[in-house]
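So this first bit is one chain, no partners, the form predicted on its own, shown in structure tokens.
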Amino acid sequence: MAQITLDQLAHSYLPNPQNDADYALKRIDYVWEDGGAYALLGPSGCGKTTLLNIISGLLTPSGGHVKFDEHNVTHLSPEQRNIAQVFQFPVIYDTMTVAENLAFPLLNRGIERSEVDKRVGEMLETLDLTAKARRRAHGLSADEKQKISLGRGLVRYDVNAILFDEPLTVIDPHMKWQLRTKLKELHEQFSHTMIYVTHDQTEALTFADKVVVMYEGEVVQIGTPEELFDEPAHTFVGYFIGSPGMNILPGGVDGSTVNVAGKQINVGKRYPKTGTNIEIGIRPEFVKLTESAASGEVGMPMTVHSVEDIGRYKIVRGDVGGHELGAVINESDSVPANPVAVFDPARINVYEDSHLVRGQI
């Protein structure tokens, strides 16, 4: 296992980049702790795979350095970095049996045959492939082949890191849940440094200790699932994390008062003087719909456009003051005929130029 340091790392696919827009990966300075489980999360084209390939050694960055512990590995190959990488689509040998595929990376490193057999047996059981151990990989289903590919990465104990590039794309939904659970168990057992690329927030939040959210080539926040939900550092994180995503409305701040949809809400925190591009963020879970605001509450009349019954809860969509707003209510609750929306002041976030502004208590 290794601590991975990204030092002023950046990358452009252009030969002579001139500005930020020319970079597929904007400058990153971060330390991935030894034994940590990380997820790179973001939409297609945001730079996740570029960053993963730089860490693995498949791609040399335009600028900056990659260090494993204190060793500069920026120009070393994946083999020299001693990493295992699992790709989106299976990388296996069709002419070998399932067991031979799993044994190959161990035999290639001169591991004792008895130890190889032990590890392969454990991995076959983990992946529920024991009954197919002697079958050739050719002819197996896509999800079975991907399970073999996962096993080839996980069967090695000596790697500095294991990197996963959307490895569950071809796996059926029920098996995805099982394999995510198994990956988490294996991480806890062996403490490998693991980095998992995905565009699926459920995969990221259930697998990782810390999630790295990327947007347009930039790392916009690194945090625990709780931190990403409670205090998104960027409006994109608010949109992307959560179902439904965070409400973002234009507004303003005056000391400890937030102005939104023509109303003033005291949030109990004092904000520094801000500019003009101010937005207010509130999770739908913290918007209450009622017939009238109680004493001490600030209610905003809401026009309801639709109600989606998810089963466990309802998503109410509409607008306040001409701005879109979503609220989550209990499945058993009814929507008031003339609702007013009440924001939980403690759950309001303030953004300037899309970035979180922290208030002082």
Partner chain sequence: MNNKPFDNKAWFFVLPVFILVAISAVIPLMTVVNYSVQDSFGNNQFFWAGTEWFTEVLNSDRFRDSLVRNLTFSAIILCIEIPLGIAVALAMPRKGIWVSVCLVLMALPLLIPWNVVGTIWLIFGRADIGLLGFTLAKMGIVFNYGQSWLQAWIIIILMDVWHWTSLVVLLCYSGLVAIPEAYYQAARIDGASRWKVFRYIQLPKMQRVLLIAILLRFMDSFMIYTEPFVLTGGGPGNTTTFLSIDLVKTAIGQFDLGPAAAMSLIYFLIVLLLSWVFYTVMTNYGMDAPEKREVES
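The structure presented is a predicted model; accordingly, all values stated were derived computationally and were not measured. Under this definition, the rigid core comprises the largest set of C-alpha atoms superposing within 1.5 Å between the forms. Positions refer to the first chain, counted from 1.
FYI, the form predicted together with its partner chain isn't displayed, but the following is about it.
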query: Candidate stretches 234 to 242, 286 to 294, 92 to 100, 189 to 197 - the one whose heavy atoms come within 4.5 Å of its partner chain in the predicted complex; finding: 92 to 100
query: Contacting member of His71, Arg270, His138, Arg113, with respect to its partner chain in the predicted complex [4.5 Å, heavy atom]; finding: His138
query: Candidate from Gln221, Asn247, Gln146, Gln85 lying within 4.5 Å of its partner chain in the predicted complex - any heavy atom; finding: Gln85
query: Leu58, Glu79 and Phe104 all contacting its partner chain in the predicted complex, non-hydrogen atom within 4.5 Å; finding: yes
query: Proximity of Asn108 to its partner chain in the predicted complex, heavy atoms at 4.5 Å; finding: yes
query: Interface membership of Lys176, its partner chain in the predicted complex, 4.5 Å heavy atom rule; finding: no
query: Heavy atom of Arg156 within 4.5 Å of its partner chain in the predicted complex; finding: yes
query: Shift of Thr276 between the shown form and the other one at or above 2 Å (CA, core fit); finding: no
query: Flag for Lys184, CA shift 2 Å or larger between the shown form and the other one after aligning core; finding: no
